[in-house]
Structures are given as structure tokens and as C-alpha cells.
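Next comes just one chain, in C-alpha cells: the form predicted alone.
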Amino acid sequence: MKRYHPILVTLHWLLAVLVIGGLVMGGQVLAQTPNTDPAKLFSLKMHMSIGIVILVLMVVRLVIRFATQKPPQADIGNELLNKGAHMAHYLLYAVVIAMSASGLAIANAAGLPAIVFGGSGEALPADFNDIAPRAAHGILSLVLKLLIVGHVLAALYHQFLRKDSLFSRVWYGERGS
């Protein structure tokens, strides 16, 4: 087995785009837009929708990952680094799921589903910082950004320095035996 299942490959890249888009939307658009700005409702609707899609796709990805055959773990000749890489992948899953869960908790605590999707006519809260899960959401976003940078750097290391074709495992092609 040389490659991951094509559904896992598709989910990997789709989730990469959605997660990065959600991080950019949250950190660059939502954080910079005052809650009194009417455009914030549309941005929140998009951010919340993307977050829910990410959560669902991440759970689906986990289920498929455990249910399908996968290539053997990469071995770079250092047991500690091998285990660290393995754990880093599961940490990525955990942080993305926790990020989505904290976003749902913020939304529920602030009454956002009714405001953003239900058209209740209520105004957004003056600030989200008083909502307890907001701090966790911010910390998780920083941890996730660091994990993503580490993930990308590790992929580049394998592709261009080790030249071990590890990157091909998360691309389409013959899966081999």
C-alpha cells in the first residue's frame, strides 16, 4: 500500500482549503469587523457554515481513516521523530475538532444560530470576548496555525530534502499493494 484511499486524499485537500479559509476568515475578516457592522452577519454565516462542514468532514475522515488500509508509517530512522510525527497527525485531528466544538459553543452561548441563520432580528452581542469558549477558540486557532506550519514544513522536508516520495501518499494514483 503506497497511497491513502482516494476519499482520504480528497478529504485531506478539501479540509486543508476549508481550515485555512476558516482561519483566515476568523482572524482577518471577523476579528477586524465590528459587531455593529451589518456585513458581519454574512461573514459569521459563512464562518459558522464552514466550521460545521469542517467538523462533519473531519469526523468522516477519521472514520474512513480507521476503516481503510493505509500505507505504513514513514520511517526516518529516528523512533522519537517517527512517533512525534504520528502523534502530530492525531493532534491535528483533535485540534480541528476542538476548534469546531469551541466555535459551536461560542455560537450557542451568544445565541448566534437564531441571529445569523434564523433572522431573529436581534443584534449581535457587543463583544464575543466575554463568552468563555472564545478564549479557547483563540488559543486553538494559534495552536492549529503552528501545527499547519509544522505539517507543511515536514512535507517539504520529505519532498525536497529526503526525496522519499512521502508526499505522493496524499495524492491520487495507483495505491499499490
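Keep in mind the model is a prediction, meaning the values are calculated, not measured. So that there is no doubt, residue numbering starts at 1 and follows the sequence shown.
This next part talks about the form predicted together with a small molecule, which is not shown.
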### Task
Determine whether any heavy atom of residue 68 comes within 4.5 Å of a heavy atom of the small molecule in the predicted bound form, and answer yes or no.
no
### Query
So in the predicted bound form, does residue 152 come within 4.5 Å of the small molecule, heavy atom to heavy atom?
yes
### Task
May I ask you to state whether residue 115 is within 4.5 Å of the small molecule in the predicted bound form, using heavy atom distances?
no
### Query
Does at least one non-hydrogen atom of residue 111 fall within 4.5 angstroms of the small molecule in the predicted bound form?
no
